[in-house]
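Consider the single chain below, provided in structure tokens and representing the form predicted on its own.
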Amino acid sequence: MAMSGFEGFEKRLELHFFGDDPVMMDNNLGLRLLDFESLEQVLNAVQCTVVSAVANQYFDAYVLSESSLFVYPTKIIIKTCGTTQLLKSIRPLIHYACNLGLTLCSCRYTRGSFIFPKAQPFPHTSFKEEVLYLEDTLPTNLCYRKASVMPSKITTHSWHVFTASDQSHIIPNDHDIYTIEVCMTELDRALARKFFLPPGDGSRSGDIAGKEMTKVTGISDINPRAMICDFAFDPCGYSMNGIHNDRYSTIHVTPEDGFSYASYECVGSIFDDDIEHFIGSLRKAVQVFRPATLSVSTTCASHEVWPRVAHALEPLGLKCRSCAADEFPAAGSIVFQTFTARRK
């Protein structure tokens, strides 16, 4: 293991808002009315920038210098890696949302176990510090709160969760929606090398190089229906957001040997006719990297999705090593599973 390197494990923040302004609700734009300068101010607090963007009628998706940002009318998701200070986005987001007549009603913060925890700045120096910061930052109307570290039999993978909700949103309104967060480590070296720019290739734009990586690595085949916004970093690294109707998927890659890491995240509904498409997409995403170790967190109000995860991964030679479950306000059930390649 390298003594120091780029932190691939992301921090993820999801904030939900509500409003009673009929004009705001009629145009159905809500948070999407935030101008780019306001978003830049939020990202400046986090210490990252926008490198590419795409949008459709449902939401806006931004590729960041450190991961991704998704803006829906009443929901914002920010996912950042490295030494970003993600939780510092909360105060400005609440402020800008208030100017639009929107009030924060729930919050979910999740992350894995950092590879380089001592490199993290305040307030991310420990989960205890993060929870204290969240407790102090969130408004008092979010009075139902819970923090937990979900363990596994793999010491390098545990799942840190904090959720908070007001009284009206303890049970998620979108109870049919599930979120899958996959964290992969010890990537296959030959596959990881595909996420390095060729020598002397740094003069090309990240957008052009990103499109080539998307095609060469097979990422374009994970969900062929999605519109993909991708970016390749110099000298290595890759990010993409895929959007299809009101659903997103996102992939981020830190390919350096010794601390290689990749993540895959997607959302879906238990009412989708093609739930098998989810299984196929998850399997394809993991095949792109062939990790020796990975974890999967499934967030859903029901228990219909997480049992399918092992069904998707076991044909790839991955064995489920542990499974933990817990219930959280505004999130429902979170199930955390870890897998290792059978060769380990």
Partner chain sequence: MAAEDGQVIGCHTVDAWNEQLQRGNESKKLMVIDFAASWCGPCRVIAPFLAELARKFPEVIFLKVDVDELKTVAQDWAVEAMPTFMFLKEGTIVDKVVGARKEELQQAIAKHTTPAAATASA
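This one's a predicted model, so the numbers in the text were calculated from it and none came from an experiment. Numbering follows the first chain given and starts at 1.
Quick note: we don't show the form predicted in complex with its partner chain, though the next part is all about it.
With its partner chain omitted here, the record of contacts in the model of the complex names 206-214 of 206-214, 72-80, 128-136, 264-272, defined by a heavy atom within 4.5 Å.
Although the partner is absent from this view, residue 229 contacts its partner chain in the model of the complex, with a non-hydrogen atom inside 4.5 angstroms. Under a 4.5 angstroms non-hydrogen atom cutoff, its partner chain in the model of the complex has residue 53 among its neighbouring residues. When its partner chain is considered in the model of the complex, residue 308 lies well away from it, no heavy atom lying within 4.5 Å. Its partner chain in the model of the complex is not approached by residue 284, whose heavy atoms all lie more than 4.5 angstroms from it. The single contact residue among 45, 301, 316, 34, judged by any heavy atom lying within 4.5 Å of its partner chain in the model of the complex, is 34.
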